[in-house]
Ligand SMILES: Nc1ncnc2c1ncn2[C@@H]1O[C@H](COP(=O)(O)OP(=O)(O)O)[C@@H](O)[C@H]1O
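Next up: a single chain in structure tokens, the form predicted on its own.
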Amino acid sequence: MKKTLYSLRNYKKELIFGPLFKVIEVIFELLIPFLMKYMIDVGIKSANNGEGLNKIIIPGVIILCFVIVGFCSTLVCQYLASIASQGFGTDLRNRIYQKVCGLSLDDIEKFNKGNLVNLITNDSNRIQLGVALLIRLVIRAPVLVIGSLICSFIINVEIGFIFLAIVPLVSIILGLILYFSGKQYLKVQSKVDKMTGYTNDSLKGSRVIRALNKQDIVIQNYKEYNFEYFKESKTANIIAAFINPLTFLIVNIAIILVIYFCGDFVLNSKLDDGDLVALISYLNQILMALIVVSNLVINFTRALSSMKRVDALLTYGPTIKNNPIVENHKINKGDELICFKDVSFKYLDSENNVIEKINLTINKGEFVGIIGGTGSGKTTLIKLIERFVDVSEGELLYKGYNVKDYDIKTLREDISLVNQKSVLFNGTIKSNLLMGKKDATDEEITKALIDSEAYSFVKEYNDYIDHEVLEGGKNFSGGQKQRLSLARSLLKNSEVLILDDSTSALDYLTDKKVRENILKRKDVTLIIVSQRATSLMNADKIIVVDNGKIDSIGKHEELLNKSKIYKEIYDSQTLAKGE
């Protein structure tokens, strides 16, 4: 759990002085029963003998001062605890989110998206609460219990042993509950992750669910996940429910014994009335401390379970490692840019290769098309170039060096990718496009909108590029989202532009205009993955992929003669349109 607690590194002073002020409060609290004892045994007798009320008033004033000082100490402790816990939580969430952003696509699937969301929100909040309680209450309970035990021995040794017998009994109970509930809360959180993941999938796929009229099945599945969560939570709560009753039972038995023995000692003049009041007061302090501990056990159990989960993420070594040894450099037009050498790839826990023994070269400035059937491995080639995943076998070179030797950030800065499924973020058109180039001027944004053929509809908005984009871009059509995503990548102005079937929602004429606009840009290496053969007819080379292997490479006319697969794709599309 060292990785999780590393976020406390900047709050050492708060961790030291917060509990110290709490100890000051406890010390004054422990002194009050002695003053009460003095007031009863000495002050009242003095007042009855006509010696005045000084021996009652002065201790009373001292008690009031102790209460005020203790209250101020508590305020300081709470203030330090809030600074440390809030700062810790903020730093931890930032670290978790940064770690998540550094995971590969395979890693994200391994951890599960619902699980990662819970780590950033629920788990980090539980640990943050645990830190606050650690500073505010953890030191108070043991100091109060130990102090009360010492004071009880000072007043009467025999009664002190009764007090001493309480602590190990309650500690054993709390330890057992902590052990069993800790395991149970991990199971509870696992059910929460599954339920969250299913909820996210259902919400994202709500349109499909409604189209298939499967709401009843989805609701029933959610009820089953929810019921599993209910069963595990019920077990955890039952275990936790034993804490307070058992604590009260043991302490109340101790109170009965103390009253019994103290009453006998008072009658035999072994104890004064003030001693009895002080002992009962210390016993109540122990009771309250143990009740606090019992409630802390519940919170710390959850916090510890969350810490284990967070630590598992923070200590995880991502499959995509960034160990740059090559500086990015410029190459001339026509030079080798991307080279696949006997490249094979398979996903984690998969036995079969998605692509196998791929050999191909892409030169700078070329217009390259990639075409093939569904599941043939086209998108996998793009993932490898962007280093979303790493090759399983063979070598992938970029500008003459292995892609693994480049800094990932630098590599991806060189490459712009537009996916088939366009992603827009909540904000404005301008804020979305500035993700491509954060310091872009309005003129540059307009140029990117024109080249992507998005200007035609964006100019119609009264607020132009300040027009609102709702979550996921749901206030735009599929074609509009694709053109805005394309504009964002064009604004980035990278050496390589990859369009992964990202004009599929556009009509043929708009698709053609977009390609013509892009090809006007100098020194851009354009790679288009498309199902449309007509979109690739003018490519310098077309790569035909089939079942994870390269069927053939060539220009349009060549492939019509030598590639049966390409000819079938082309004929099926053109004949269907009567061309």
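Fair warning: this is a prediction, and the values are worked out from it, not measured in the lab. In case it trips you up, residue 1 is the first one in the sequence shown, and so on. Between two forms, the rigid core is the largest collection of C-alphas that superpose within 1.5 Å.
What comes next is about the form predicted in complex with this ligand, which does not appear here.
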So in the predicted complex, does Tyr347 come within 4.5 Å of this ligand, heavy atom to heavy atom?
yes
Determine whether any heavy atom of Ser376 comes within 4.5 Å of a heavy atom of this ligand in the predicted complex, and answer yes or no.
yes
Looking at the partner-bound form in the predicted complex, is Lys437 within 4.5 Å of this ligand by any heavy atom?
no
4.5 angstroms heavy atom contact with this ligand in the predicted complex for Ile498
no
Of Glu471, Asp273, Glu109, Asp466, which one comes within 4.5 Å of this ligand in the predicted complex, counting heavy atoms only?
Glu109
Listed residue (Ser422, Thr380, Ser124, Asn156) with a non-hydrogen atom within 4.5 angstroms of this ligand in the predicted complex:
Thr380
Testing 366-374, 71-79, 335-343, 215-223 against this ligand in the predicted complex with a 4.5 Å heavy atom criterion leaves exactly one stretch, namely 366-374
Using a superposition on the rigid core, decide whether the Cα position of Gln215 changes by 2 angstroms or more between the shown form and the other one.
no
2 Å or more on the CA of Asp335 between the shown form and the other one, with the rigid core superposed, yes or no?
no
